[in-house]
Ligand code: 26Q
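Presented as structure tokens, the chain that follows is alone, the form predicted on its own.
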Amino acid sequence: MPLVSEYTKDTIKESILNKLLRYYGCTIEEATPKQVYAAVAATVRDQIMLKWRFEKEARRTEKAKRLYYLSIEFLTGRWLHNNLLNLCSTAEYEQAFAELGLTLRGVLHEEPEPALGNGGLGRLAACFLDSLATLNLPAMGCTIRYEYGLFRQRIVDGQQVEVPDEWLTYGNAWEIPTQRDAVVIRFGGQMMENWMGDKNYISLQNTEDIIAVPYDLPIVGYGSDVVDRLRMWSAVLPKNFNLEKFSAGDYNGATQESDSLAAQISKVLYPEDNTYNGKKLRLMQEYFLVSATLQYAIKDFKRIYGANMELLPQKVAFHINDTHPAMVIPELMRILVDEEHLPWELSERLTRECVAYTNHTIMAEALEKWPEDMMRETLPRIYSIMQELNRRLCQKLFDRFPGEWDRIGHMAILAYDQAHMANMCIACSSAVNGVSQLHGDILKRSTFADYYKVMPEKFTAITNGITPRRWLMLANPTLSSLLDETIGQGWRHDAMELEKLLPFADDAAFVEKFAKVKYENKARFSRWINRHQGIVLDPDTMFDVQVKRLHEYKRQLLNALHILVLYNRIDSDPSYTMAPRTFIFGAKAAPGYRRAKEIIHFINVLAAKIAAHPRANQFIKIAFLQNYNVSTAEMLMPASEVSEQLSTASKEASGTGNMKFMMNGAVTIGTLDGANVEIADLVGEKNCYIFGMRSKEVEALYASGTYRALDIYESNIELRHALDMLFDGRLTPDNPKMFESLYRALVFSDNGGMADPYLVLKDFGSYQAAQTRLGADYLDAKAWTRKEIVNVAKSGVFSSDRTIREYNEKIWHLQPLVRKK
């Protein structure tokens, strides 16, 4: 049974009042909102600490295996509300707040949005930690404590402007600095040989050293006894690190600023890598995360399990989430060979058995590669280990593919003056998985087909998932209450029980209740976005939503061009009508990604054009949500009716936004890409709108080299009319050629490359037809609501609890920690 909390309404009130008095010397009436939030967070953290002690003691007593999940980002969202939910204490806190003259919404508003992630990769990692703790599995998430995150997005004159995201200005109420686990990370230097008898060990001299200081964040499972942790590493220069101040609790005063590149390691997520120093900083970030984590992990292993390193695979698992933490492999080799003095062959076996790798993309530019010269200069020992791993790998490959040097070069760790991190992850790990069934198939038959021939036993596919705690229970309380009333509360512990909802899709009374909940959520979001961004929305219109990272392959441009075609129809035909629709976008573009930023500008210019048209604005509104983040998503997902999942087939590994929309009842319009394939299989063709080329058709078209976007431009009159507006002055009369580069990229080859590389024009006709069907179906309110109900009922398979169980059964083999009665 879960640990029963002794925190009641009265003890919560007493704790909050006492903390205000002790920390700030004030009463509840005198306290500022931020002081109240800090006192509430401290009370919740005290409650969490009671459970955290069990996890620490149980893991040591049971000598349980532990997972280290390394990810360059964790998009956690705010913690307070989620912690209350998972502690099953929300009601008690709301009662205490009411008697103190507070509201839950008011307290939650004061919490800053953590800037530890950006998109789906980081959100998936956060969901995984929630499920690991909920399933009582011992794990530690590992990342960097970014001071400024990616950036805070502002939209100024329709264009993205990046400003620092200073989320730590008032501190972080949840983190716990752990001084005893600080470690030294070494960059550069010269390798020195050290002979011990007949064995030679390598050390480094004249290095540039950085101290990695850990901050631990408790991760609470839903109704479980286990509290896992997210460990965030912060970089400090040794000469600027005051141990005395740190030990005294002055964590900010313990450090000083420096102009050193190494001192910037924990400043921002994804520094721009279009310069040498930017690329080098990214490399240093990745090694910093890996080395700090592994040094701690080996120290912790020896403290609990003793010095027998051959036990390592039985007690420790390292998971590489995408290629950013790929240097887990050579760093673990370095520790085992240079510090633990193990033979190379044994070290290589232990490393392989401990490490697993999740691939998140097939796109060549996202499969990380580093210049060998940079690797050699920045991480000389790591590079030398990679050289030896590569030499041994290439010998094995030559035995398998004699004389096929191109194939071997394609599979090598070091080749063509670059270090290929994905190849190292595959060659030197025990398991490689894709994140949807389609993605797993593409990895085997295309992206890593040669490796699959050599090492088929390593490859698997585990479909991503989302936590229903945050994305249904927390984000959509009105729907959650309706589900409880209709099918009981079993779904809160087993999301597969949502399927019990299916028979109610044809129950007229339930359909009416469900539709009312959806409308209330639309109205709630409309009020919220008006308060936060001044955007006015009409909940009586259809909410058609595309929110995700801005990238050309995600095809926000396809959506925008279709809207432009609708605008032209309204403008040219006074009799044309359609169901009034609000198109909602939310997306950040990487600061150096010019075309992505141009697409954001185009969407906002189009929004202004429509808003100024006396007739078009009655049918269409575009709302671009600036600085889209987890808190915005929590409000938006329950209000959404259409989920736009438009990626070029074969490009999106899985997606998780599609799952959040589905779990909240939105109907998908999308390509058969990533997890859309599984969504379509689950709900059936009547309850989603599939369009566009299939992944094998896309691959064949690329291979043929015969695609001519100009042919489509010339044959589709409506599309041609819309594209011409990008440069003929009708869209932007003051600057007619403002979007000419977008037009040229779609219609003509760019610098010898392929025109329309993500097949926006190729799929436009199919997308347009699907949108026409969708618009007509939406007019039948009851039939549309039935589609939404079916989507909710079939969404349970996308719970991250199911995903984590699969990872554990296939890869990690962790044992749950169980409280003894």
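Throughout, we count residues from 1 along the sequence that is shown. Model, not experiment: these values are computed from the prediction.
The protein also exists as the form predicted in complex with the ligand; that form is not presented, and the subsequent description refers to it.
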| task | Tell me, yes or no, whether Tyr553 is in contact with the ligand in the predicted complex, where a contact means a heavy atom of each within 4.5 Å. | result | yes
So in the predicted complex, does any heavy atom of Ser695 sit within 4.5 Å of the ligand? no
- Does at least one non-hydrogen atom of Gly120 fall within 4.5 angstroms of the ligand in the predicted complex? yes
Check: Hey, in the predicted complex, does Leu646 get a heavy atom within 4.5 angstroms of the ligand?
Finding: no
From Trp195, Phe748, Tyr276, Tyr416: within 4.5 Å of the ligand in the predicted complex by heavy atoms is Tyr276
The listed residue (Leu124, Ala639, Ala133, Ala475) that reaches within 4.5 Å of the ligand in the predicted complex by any heavy atom is Leu124
Within 4.5 Å of the ligand in the predicted complex by heavy atoms, the stretch out of 223-231, 722-730, 647-655, 527-535 is 647-655
When the ligand is considered in the predicted complex, the residues of 418-439 having a heavy atom within 4.5 Å of it are Val435
Working note: in the predicted complex the C-alpha atoms of Leu168 and Gly278, off by 3 Å or more, come farther
Checked in the predicted complex: CA of Asp373 to CA of Asp273 differs by 3 Å or more, atoms lying farther
